[in-house]
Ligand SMILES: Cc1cc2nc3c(=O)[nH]c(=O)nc-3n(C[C@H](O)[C@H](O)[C@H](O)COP(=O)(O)OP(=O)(O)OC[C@H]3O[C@@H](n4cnc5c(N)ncnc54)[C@H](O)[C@@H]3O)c2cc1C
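Okay, here we've got a single chain as structure tokens, the form predicted alone, with questions on binding and movement later.
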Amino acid sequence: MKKKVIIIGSGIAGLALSIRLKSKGYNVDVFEKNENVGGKLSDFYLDNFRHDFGPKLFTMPNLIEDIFEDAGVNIDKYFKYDKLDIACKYFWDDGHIFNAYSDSQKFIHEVHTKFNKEENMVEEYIFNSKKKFNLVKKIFLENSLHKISTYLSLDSVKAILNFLKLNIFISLNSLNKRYFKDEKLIQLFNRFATYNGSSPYLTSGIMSIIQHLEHDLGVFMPRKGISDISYSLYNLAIDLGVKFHFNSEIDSIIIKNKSAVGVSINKMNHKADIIISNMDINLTYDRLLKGYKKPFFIKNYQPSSSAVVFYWNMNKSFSNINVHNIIFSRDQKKEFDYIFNKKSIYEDPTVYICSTSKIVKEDAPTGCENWFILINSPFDSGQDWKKIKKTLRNNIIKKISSTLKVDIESNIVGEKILTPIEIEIETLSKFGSLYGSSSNSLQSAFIRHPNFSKKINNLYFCGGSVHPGGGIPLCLNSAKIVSDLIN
């Protein structure tokens, strides 16, 4: 008789894992509290404009391809994507503009054009980041850090022998200052700390591996928008026979004789041989494992940063912005000090703008654009978010208008705003934290919760709040790790 698996939550990790386990012969049921799949990787309509709810950066599409390949299905039937020529367009308030190309050679040439004589150091930086990525991907990203077998491989031996070259014991900012003299380049490469919700002045220099994903491997866009990743995986899961239960919020995980044996919903029990939570790890313990002591991995939990997000319907097309855009703060150090120490938002924040309608024409009416504006913020700790978002809105409208040389406020014809409070409610991310636990420490990779319970048999965890971390590639890796752990 085939073993039954219950997955709690249908975020991208839960979806990927449902396919992997179904392909291995398990009976899989997915319980989702919302009426649709995707979690942060879902979408919604604001009038006749489509908006992706959460993250916009898509790298390492091979991880998606692997899921379809393991299922023995042609990916082209479900999902198509294209590589972006420009990964991100950067703006500074002195009028400086830089196009960060996906292709590393074009990127290095652009550095030569815009940052005279820095190209050799950028080439060395990218090369070393690639080396670091290849050294650590097996041990940190593709396997459980909490199993002895991980450390007995040849890849682990190589990583240990090259330990000092990983730049673990210096901050990302310190590493970048070793390579670059130009403050703008330092600011540009410091930005990659925000990909896991950390500060470049606190997080480890090993995080430089993130930029390798953009400028060596490239940035991509699904032809139907980012949320199509979730919907394509869902369609594959349905075709394979995975069962989904929507509007089904789990009350508790049932534990008997130190083993997970099912879940409870509205006083009804659903039995299973294996239980997997794709829910935020803190809320999993708080809500579903009441009475069970939290392990030391999360006992002293420090949340990552959050965000204030503006979804704008724009009645105009802007030729001077790309799909992904960054307008930098005048004072990056002060900006991060506000986020991580003062628990507030600096008056001149870095502004991220994404318009998927540049590629996905159906996302906005003709001559219009859908804008996703993200401002990094502290997690919710009782701030007056109503006051903060009002001030922030005024500040970023002035900043964007000044950069683009146009009064954008008159072009906003629809708006939705999320603060960390709404992010927590809509995504069940504790305190509105976007990436689970903070990476603002040297040992952050080792203190993330493992993908399995050490005290409860047959209980596993996947998603951005556990190992290896947040973001599309890492969430997909967490699904693969759990699949490999389950026999």
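The structure displayed is predicted, hence computed values, not measured ones. We number the residues from 1 along the sequence you see.
The same protein also exists as the form predicted in complex with this ligand; that form is not shown, yet it is the one meant from here on.
- The three marked residues, 10, 279 and 288, each reach this ligand in the model of the complex, with a heavy atom inside 4.5 Å.
- Residues placing heavy atoms within 4.5 Å of this ligand in the model of the complex fall in a single listed stretch, namely 25 to 33, out of 452 to 460, 43 to 51, 25 to 33, 60 to 68.
- Checking 263, 309, 353, 209 for any heavy atom within 4.5 Å of this ligand in the model of the complex turns up a single hit: 309.
- The listed set 313, 395, 248, 332 contains one residue whose heavy atoms approach this ligand in the model of the complex to within 4.5 Å, identified as 248.
- Taking the partner from the other structure, this ligand in the model of the complex has no heavy atom within 4.5 Å of any heavy atom of residue 91.
- Within 4.5 Å of some heavy atom of this ligand in the model of the complex lies at least one heavy atom of residue 427.
- Taking the partner from the other structure, this ligand in the model of the complex has no heavy atom within 4.5 Å of any heavy atom of residue 431.
- Residue 17 falls outside the set of residues with a heavy atom inside 4.5 Å of this ligand in the model of the complex.
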